[in-house]
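Given as structure tokens, the chain that follows is alone and in the form predicted on its own.
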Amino acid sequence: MGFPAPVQAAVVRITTTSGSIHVVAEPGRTDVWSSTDPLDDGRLPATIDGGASRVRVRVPEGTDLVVGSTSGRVTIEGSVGAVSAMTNAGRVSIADAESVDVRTKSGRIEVKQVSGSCRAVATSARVEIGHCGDADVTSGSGRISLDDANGRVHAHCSSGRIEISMGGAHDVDAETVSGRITVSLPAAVRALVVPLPGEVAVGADDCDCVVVARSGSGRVDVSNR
């Protein structure tokens, strides 16, 4: 199984085949603890292979994580650094990270807070993201929800509803083949709404951002709140 790994050396890599992974980032902690795989001294970097067992791991706050499970839930609590997570079939929940890259074939993705960019790719899964910077979300089949995006947004799905709430004046590109698209902007933001990429010339200079929203069979609503 290949991972899009963070570049920093202070990274913890955790894998399982059919067991769940539960990571907790603890304030003041300086070492790494694992419930299944003995670590010589608990220092970073660390690699933990849980096999078919459930894995519980405790790490220092701000630790970068590379996590993979063939069929098992992934839960990350506390404040961590860059997260790369991959699962074939399993729910992924992330509380607070500097950046996120999550990929799953079938399993719900929940990200509560990301200070930087967030990327989520799912074959068949619902994707819910809270506060984030730039966001790039793709789901073959499943609803996409972004509650507080503070950067450029790309949201694409084949079959599913897309709901985007923007925290500022940033461009949006949203597309679904079958489903409704809703884009909510702050009250003072002036947006130019176009149905197709490239149709931006007229009126673009008088607007704060551009919203490209298109649905094959569904309503498109772009409004200020």
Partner chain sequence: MTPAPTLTATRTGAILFTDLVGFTEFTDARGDAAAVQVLDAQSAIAADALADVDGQLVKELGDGLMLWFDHATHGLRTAAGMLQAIEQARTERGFPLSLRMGMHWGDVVERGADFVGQNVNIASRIADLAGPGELLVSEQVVSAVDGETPAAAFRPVGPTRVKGVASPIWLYRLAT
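Just so it is clear, the model here is predicted, and its values are computed rather than measured. Residue numbers count along the first chain shown, from 1.
The form predicted together with the partner chain is left out here; the points below concern that form.
Trainee: Look up in the model of the complex whether Arg29 has a non-hydrogen atom within 4.5 angstroms of the partner chain, and give yes or no.
Mentor: Although the partner chain is absent here, Arg29 would stay clear of it in the model of the complex, with no heavy atoms inside 4.5 Å.
Trainee: Is Arg54 one of the residues lying within 4.5 Å of the partner chain in the model of the complex, judged by heavy atom distances?
Mentor: No, no contact at 4.5 Å.
Trainee: Considering only heavy atoms, tell me if Glu128 and the partner chain come within 4.5 Å of each other in the model of the complex.
Mentor: No, no contact at 4.5 Å.
Trainee: Taking 4.5 angstroms as the cut-off for heavy atoms, does Met166 touch the partner chain in the model of the complex?
Mentor: Judged by the heavy-atom cut-off of 4.5 Å, Met166 is well away from the partner chain in the model of the complex.
Trainee: Just to confirm, with a 4.5 Å cut-off on non-hydrogen atoms, which of Asn150, Thr75, Ser79, Asn88 contacts the partner chain in the model of the complex?
Mentor: Residue within 4.5 Å of the partner: Asn88.
Trainee: State the residue from Val177, Leu44, Val189, Val193 whose non-hydrogen atoms include one within 4.5 Å of the partner chain in the model of the complex.
Mentor: Contact residue from the list: Val177.
Trainee: Determine which one of 142-150, 119-127, 90-98, 106-114 lies within 4.5 Å of the partner chain in the model of the complex, judging by heavy atom distances; exactly one does.
Mentor: Selected stretch: 119-127.
Trainee: Could you run down 45-84 and flag each residue that has a heavy atom within 4.5 Å of the partner chain in the model of the complex?
Mentor: Stretch hits, in order: Thr47, Asp49, Val66, Val67, Gly68, Thr70, Ser84.
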